[in-house]
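The chain below stands alone and is given as structure tokens, in the form predicted on its own.
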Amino acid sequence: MLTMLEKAFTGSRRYWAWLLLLLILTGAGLICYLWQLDRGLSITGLSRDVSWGLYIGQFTFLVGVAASAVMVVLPYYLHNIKEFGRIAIFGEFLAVAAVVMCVLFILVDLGKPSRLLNIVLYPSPNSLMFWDMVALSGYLLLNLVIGWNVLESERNAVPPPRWVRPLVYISIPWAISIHTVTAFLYAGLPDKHYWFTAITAARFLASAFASGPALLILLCLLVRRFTRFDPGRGALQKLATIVTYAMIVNVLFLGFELFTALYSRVPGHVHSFEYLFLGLEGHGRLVPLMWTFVALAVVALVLLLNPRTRAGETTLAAACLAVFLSIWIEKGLGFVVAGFIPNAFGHVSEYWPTLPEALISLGVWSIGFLILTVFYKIAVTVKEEVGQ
């Protein structure tokens, strides 16, 4: 284990410059977080009417990124699609980094982080937060144990231990569960009409299976560019096909929700969509972002549905970036905020992240990418050594 970890402490100047940048951003986020601990959530854009914002939005988005590892693990281990063998470890380590960021975003969203201990000290099977904690912590442990042992076996040129495969099988439904439970946290609140729909879990899974693999493709392209390891064109093209179908389903599900709201004219549903895309009562800070989401989704589908552009490395990277950013906007901010608008009295209380809030979020992302960089450095070095 220590021999494997030592590989993270060797690298080029570019590698160390990247780590230094991440550490600086993490430090900036930590300073702002200490300020938040002192002043409370008053330094954020949150209010009485909008109690969840950027932090919980990022948590929701990243749970999907973590769950998407199953789109590599399932084909490789269950259907023996050999191409995914070269990138399975990268999907598992991406899930580890994403879950760590999920936990950190929950921590920074709490006014007092010690409140998180209430879930551990006073567990309640009736609480969805309890099950979310179980799902996330279990999934983190599963991916960490599976990924590390598989990589160590590759390095030693031996098959993975027999007990790893049962854990892989357990991790597949577990990946589905972490995002399903997160969706139920929203869908179980009947006073939030925008969230109160049976299709919320399905929407979450569709967006997860588009954004997560899209990010993995981008990361694999970066690995190919900056290292001697080639993830393999076949694996990336199969992942691109998964992203294409998942993105189609994601857009269709949003369209279903939009039709239901506009055709039924139920005020609670209609007003949330009006606020997002047209503005409501003179308030519309999210309107430009939501139309950017629409534009990016259209661009992504055009590039992905065309076999030629999907096959080209540059156009595939552009398509995956468009998928990732579009879902980040819709799921990482729009979805959460729209559930609070209008409030119980029919009024609009707008939300927009403050600079400290944005820096704290950037700090959490930096920690995630720091963990991801270290794990990827170890994985790439091992694969280069064994000639995979």
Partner chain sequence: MKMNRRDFLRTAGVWVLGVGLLPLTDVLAQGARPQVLPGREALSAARWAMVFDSRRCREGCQDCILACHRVHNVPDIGDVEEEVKWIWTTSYEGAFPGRQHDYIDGLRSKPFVVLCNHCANPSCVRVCPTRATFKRSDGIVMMDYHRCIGCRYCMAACPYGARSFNFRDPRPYLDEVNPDYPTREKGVVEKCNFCAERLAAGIPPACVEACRDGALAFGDIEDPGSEVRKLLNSGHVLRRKPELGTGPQVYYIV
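Residue numbers count along the first chain shown, from 1. Quick caveat, the model's predicted, so the values are computed rather than measured.
Quick note: we don't show the form predicted together with the partner chain, though the next part is all about it.
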query: One stretch from 61-69, 358-366, 321-329, 38-46 that, in the predicted bound form, holds residues within 4.5 Å of the partner chain by heavy atom; finding: 38-46
query: The partner chain contact in the predicted bound form: residue 125, any heavy atom under 4.5 Å; finding: yes
query: Interface membership of residue 118, the partner chain in the predicted bound form, 4.5 Å heavy atom rule; finding: yes
query: is_contact(residue 234, the partner chain) in the predicted bound form, heavy atom dist at most 4.5 Å; finding: no
query: Non-hydrogen atom contact residue 191 with the partner chain in the predicted bound form at 4.5 angstroms; finding: yes
query: Answer option from 257, 83, 281, 152, heavy atom within 4.5 Å of the partner chain in the predicted bound form; finding: 152
query: Contacting member of 289, 185, 270, 201, with respect to the partner chain in the predicted bound form [4.5 Å, heavy atom]; finding: 185
